[in-house]
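Below, in structure tokens: the form predicted alone, a single chain.
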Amino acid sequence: MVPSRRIRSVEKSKTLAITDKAKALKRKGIDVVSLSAGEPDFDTPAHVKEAAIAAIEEGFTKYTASTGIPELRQAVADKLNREAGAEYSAENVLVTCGGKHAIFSSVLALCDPGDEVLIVSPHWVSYPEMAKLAGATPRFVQVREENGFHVEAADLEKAISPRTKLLIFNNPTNPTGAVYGRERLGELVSVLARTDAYVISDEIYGKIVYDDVAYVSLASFPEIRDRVLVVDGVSKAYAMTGWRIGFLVASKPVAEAVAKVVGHSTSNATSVSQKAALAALTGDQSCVTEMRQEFDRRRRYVCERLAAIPDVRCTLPEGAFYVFPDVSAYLGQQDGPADSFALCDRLLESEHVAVVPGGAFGMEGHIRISYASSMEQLERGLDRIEAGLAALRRA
């Protein structure tokens, strides 16, 4: 079997590959601590599960409109209107099978072969592969750690070309945890307003921010709102990864174009999951606050532990639930791991702890550690990371 040229150009997900390898070791009876997946360890809130059970008992188990049930679409629009001072309606909203599906469908709807998709890097591993699957060419604008992993307006302006059809932007960011406030976003908007490029703003971690940092949606800026596609969902903030519900909010012409892709690919998101997502958005939000407070406790613990390891630098993340420490001092030594991929493989094989190489996100010399795991798992995992790096120092 010869796969298509398009498929041959695409790499497998590095995060899923690490997770799958860790699971394979566990099936062999090996005690593996996995700090690789971006999946909250909390249970889905009770009122959300109850709404799903009620939907099943009421027989709400048939096809829905491919764009989603009206009441959920309106709830999504209402949420973003409150946050961004916008005037979206249900017609601007698509309900998708997770945030990933919303992004991929949008890239397919907007991009032609020969178009360029500009991606702020380090980036989520799937963004460039989605561009390739659409026949477009991924290009990257690199952030710098000394700038807090924020992209600078001048760098963005230099990276945009006449062929740039789309910018994919993530805020709060995976893998660094950087958050863009209103002032920083305004500087980027001043650049984007002078272009014709569309922007996918992946805001899936919008409810997971810490300290005095405020989440600001890119849809808050009316000068580019018609070209902004906001992606969100319930996976991260409500511990609903397996329910597979994401949202896309865009101008009506864009939403209609993306709806064609959705209609011909998945028909509709799961009916029961849509009812659960509606309960999540419109119900008691104290569960979100409680989870965020626990993430905050874990964030500080992980950064304190990493700071105590010689030659490891770690920026305290402002949002999401990842840290992205610099471990470059442990790479490239004689008989040691050459890069972050080799280091993560060694940590998994020798210490039985799973983390993700920074090279998978477009920034070598780093690893990504998820603190969406329990404190007990984090303590054990960091003990193993510390032991593994100490062994490299002694080698």
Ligand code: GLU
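Computed from a prediction, not measured in an experiment: that's the story for all the values here. Don't overthink the numbering: it's just position in the shown sequence, from 1.
What comes next is about the form predicted in complex with the named molecule, which is not displayed.
Using a 4.5 angstroms threshold between heavy atoms, residue 37 counts as touching the named molecule in the model of the complex. Among heavy atoms of residue 275, none comes within 4.5 Å of the named molecule in the model of the complex. Taking the partner from elsewhere, residue 13 is found to have a heavy atom lying within 4.5 Å of the named molecule in the model of the complex. In the model of the complex, the named molecule sits within 4.5 Å of a heavy atom belonging to residue 100. Figure note: of the listed segments 104-112, 266-274, 124-132, 67-75, the one touching the named molecule in the model of the complex, with heavy atoms no more than 4.5 Å away, is 124-132. Contact annotation: of the candidates 322, 169, 88, 295, the single residue with a non-hydrogen atom within 4.5 angstroms of the named molecule in the model of the complex is 322.
Between the options 238, 180, 205, 243, the residue in contact with the named molecule in the model of the complex by a heavy atom within 4.5 angstroms is 205.
In the model of the complex, 174 is the single residue of 154-189 with at least one heavy atom within 4.5 Å of the named molecule.
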